[in-house]
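Just the one chain here, laid out as structure tokens, in the form predicted on its own.
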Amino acid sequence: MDEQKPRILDTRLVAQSRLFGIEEMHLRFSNGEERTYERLCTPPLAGVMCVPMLDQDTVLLIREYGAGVEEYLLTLPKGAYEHGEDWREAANRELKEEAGHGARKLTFLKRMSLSPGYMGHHIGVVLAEELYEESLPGDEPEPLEVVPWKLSELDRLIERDDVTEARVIAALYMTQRILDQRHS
């Protein structure tokens, strides 16, 4: 199949808030069809999500309020790069701010898109190992609860009502597979 991308004929900003911009895109596909899409503007800085492993079977999750779903969720430490940071620096900073630990060993696992149909946002998944206790002040409005969980009980975790974030679930299964391969 021909992988020719649609041609972008025009883009324009149709709405802007403090955090988000909405862009209208007018596209022409290789078969001549034209369509208009709306998408959230891609932020200037990428994001990073850490899978902090306290030991070979214990991941550190955080309980954090998700305003979009109006619920407290178990999730992984994550956030945007700060200016000038590389993925290692951003991952270690977020880990210290949100989980109270740093990592001596960081491994980049995968770059993930979030909702490619209407966002250009990406997040890098980073495996954090050889943890040590160290905290940095973060930007969270309330203290985050750190919740250790055994990866060997991942299926039980996924069944919980407060674990719904697809990128977190994918990152945990990727980590479990990688760690299992290391030890077999």
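The first residue of the shown sequence is 1; numbering continues from there. Everything quoted here is computed from the prediction, not taken from an experiment.
The following text describes the form predicted in complex with another copy of the chain, which does not appear among the structures shown.
Contact annotation for the candidate site: I8, E71 and R111 all lie close to another copy of the chain in the model of the complex (heavy atom within 4.5 Å).
With the partner omitted here, the residue from L40, L54, V146, L136 that has a non-hydrogen atom within 4.5 angstroms of another copy of the chain in the model of the complex is L40. When contacts are judged by a 4.5 Å heavy atom cut-off, H122 counts as touching another copy of the chain in the model of the complex. Under a 4.5 angstroms non-hydrogen atom cutoff, another copy of the chain in the model of the complex has R177 among its neighbouring residues. The closest heavy atom approach of S184 to another copy of the chain in the model of the complex falls outside 4.5 Å. Using a 4.5 angstroms limit between non-hydrogen atoms, S115 touches another copy of the chain in the model of the complex.
In the model of the complex, the residues of 157-179 lying within 4.5 Å of another copy of the chain by at least one heavy atom are, in order, I158, E159, R160, D162, V163, T164, E165, A166, R167, I169, A170, Y173, M174, Q176, R177.
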